[in-house]
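Just the one chain here, laid out as structure tokens, in the form predicted alone.
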């Protein structure tokens, strides 16, 4: 086997890996981007592209957001509807003045299409060598040798960026048990595509239903561009084990509930029901070490409350590129240098992940959830506050403060 010495090796070409490569290319830094699949390929996901995705794309190239808005497989979305356990709905726009926006603050797009959209952008850059349908067989990682075995070649890189998802081989083989997630740190998601679902929102708001049979998780319905809806549910792994829940059976039970039965009476399943793991960002973890960084799901950066993973993955790729640039300039790829990545990630994402962890724990209190939704529907100021939470983490922190609920009662 030949040994190839490279500057930056990125393992996994999903949103985290593609974003890392694109932001490096923007700084004229070369990288090798490798993935085990051939694109386009499917990825089990909720398919929602949040405002954070739009934010990262704008920083990469504002023109690409204009292009995404014209992409016929990306449906513009303007908000989210929260359904409390009692069935009451709180309809929250991503921005209060969304009707006047030129470009939507968010989108819904199948991962098979969005990931390939990013890969088509990757292919435009001479700085990126994209290698698909290539497996990482093993790693040899020690103080003196750091090698990645890919197909018939051995790669030695100044920095390896692991973006290989929730079942990251890099995590398992290089970090051993230092990154292990217990059941309380994991959720499982189920995703299905349905045609002809009735009653989808005219402004393409995504729906989150906190039905009692799925608490402390939720059931979702996300409208898509081809008369299809992404339908699924997410639930913590420890709850699934404790209650011996079979997620496909739970989905069928939910679809038979009175509030959904008519909406799905003419719906047809398009493809198979699929499951996926969701490593939650409910605690700070070590995301770097000598010659490596962890991005996206490989770093367990999924929002514990909303389940958002794509935006956090792309943001982590952008930050990884910043830190790699600094490390190359100083020719220092040590843990001491690369820990700047951890600091930047948690400075940007830490507060909202902490708040979301708290909100996730509040969901199990049905009466409190019902109360907040009922109050918000009667109080425009509260509705606007919740809407602003999507762009202002400081406002989201109000939900951690007991005084917030006292003010709700007496206002």
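Numbering follows the first chain given and starts at 1. Since we're looking at a predicted model, the values are computed, not measured.
This next part talks about the form predicted together with a small molecule, which is not shown.
K.L.:
Any chance residue 44 has a heavy atom within 4.5 Å of the small molecule in the predicted complex?
P.N.:
Heavy-atom contact with the small molecule at 4.5 Å: present for residue 44.
K.L.:
Just to confirm, residue 147 within 4.5 Å of the small molecule in the predicted complex by heavy atoms?
P.N.:
The answer is no: residue 147 has no heavy atom within 4.5 Å of the small molecule.
K.L.:
Heavy atoms within 4.5 Å of the small molecule in the predicted complex: does residue 205 have any?
P.N.:
No, residue 205 sits far enough from the small molecule in the predicted complex that none of its heavy atoms falls within 4.5 Å.
K.L.:
Whether residue 277 contacts the small molecule in the predicted complex should be assessed with a 4.5 Å heavy atom distance threshold; does it?
P.N.:
Residue 277: contacts the small molecule in the predicted complex.
K.L.:
Are 141, 237 and 281 jointly within 4.5 Å of the small molecule in the predicted complex, each by at least one heavy atom?
P.N.:
No.
K.L.:
Report the residue, out of 56, 345, 48, 353, that has at least one non-hydrogen atom within 4.5 angstroms of the small molecule in the predicted complex.
P.N.:
None of the others qualify; the residue that does is 48.
K.L.:
Which of 305, 94, 220, 114 has a heavy atom within 4.5 Å of the small molecule in the predicted complex?
P.N.:
Of the candidates 305, 94, 220, 114, 220 is the one lying within 4.5 Å of the small molecule in the predicted complex.
K.L.:
For the chain shown here without its partner, which stretch in 251-259, 68-76, 325-333, 307-315 has non-hydrogen atoms within 4.5 angstroms of the small molecule in the predicted complex?
P.N.:
This holds for exactly one stretch, 307-315.
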